[in-house]
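The chain below stands alone and is given as structure tokens, in the form predicted on its own.
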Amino acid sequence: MPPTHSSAMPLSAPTTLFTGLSPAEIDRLNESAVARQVAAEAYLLHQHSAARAVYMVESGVLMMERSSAAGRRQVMAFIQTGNFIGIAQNEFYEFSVAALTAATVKEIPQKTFIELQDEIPQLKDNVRRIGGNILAHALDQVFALGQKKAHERVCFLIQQLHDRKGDPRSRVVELVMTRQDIADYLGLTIETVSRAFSKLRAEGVIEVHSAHTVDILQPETLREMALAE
């Protein structure tokens, strides 16, 4: 089921995209934004489709993926509230984005967004910084895939999701993605992912309460194994 449109709504999710912008500048972004509701398991955009818009995630969790001509899939990122999607290097998207849960995003036409960057220097600078963060994330993921053992890769993902919560005191992490999604993100098989979770549980690093809930019992140990260095 495709995402549905609703009326224009304020861009309220906290993000570096709006850092340093004046109320008037934020209003200009708001005037250009339209809210979309995306059902769980529906696609917001597809790889190779025309890059006509950029998106701000207001709620929910989405997943960015890329498929090869042979049909192999690599999950590139899990996207949460406040994240920004859709900066394209050419006229087509080089990835797909699917909703793992029901989600709300704000859509701004690509052409309008580019024009606003030209008119608002701070917005252009914020977009540049976001691009730098995306590159850093990609480098961390490449390192994890190339250098870390299976259980360390799982720690890498758990730590990422924990850090995005913004509450260092919380030790509970919700895994709304499937084990296949995790495997395709970490470059592993489902069986290896299951063994990695079992190893971390046996060593007392985590407790797995359900397929979607993990309790971090040894946060320092988890962080040490997760570090991309």
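Keep in mind it's a predicted model, so treat the numbers as computed, not measured. Residue indices: 1-based, along the sequence shown.
In what follows, reference is made to the form predicted together with the DNA, a form of this protein that is not presented.
- For the residues R72, H137, K124, K149, the 4.5 Å heavy atom test against the DNA in the predicted bound form is passed only by K149.
- The listed set N30, Q47, Q160, S194 contains one residue whose heavy atoms approach the DNA in the predicted bound form to within 4.5 Å, identified as S194.
- In the predicted bound form, no heavy atom of R36 sits within 4.5 Å of the DNA.
- In the predicted bound form, the DNA sits within 4.5 Å of a heavy atom belonging to L188.
- Residue contact check for R179: one or more of its heavy atoms lie within 4.5 Å of the DNA in the predicted bound form.
- For the chain shown alone, R201 is a contact residue for the DNA in the predicted bound form, at least one non-hydrogen atom being within 4.5 angstroms.
- Picking from 179 to 187, 22 to 30, 162 to 170, 51 to 59 the stretch near the DNA in the predicted bound form, with a 4.5 Å limit on heavy atoms, gives 179 to 187.
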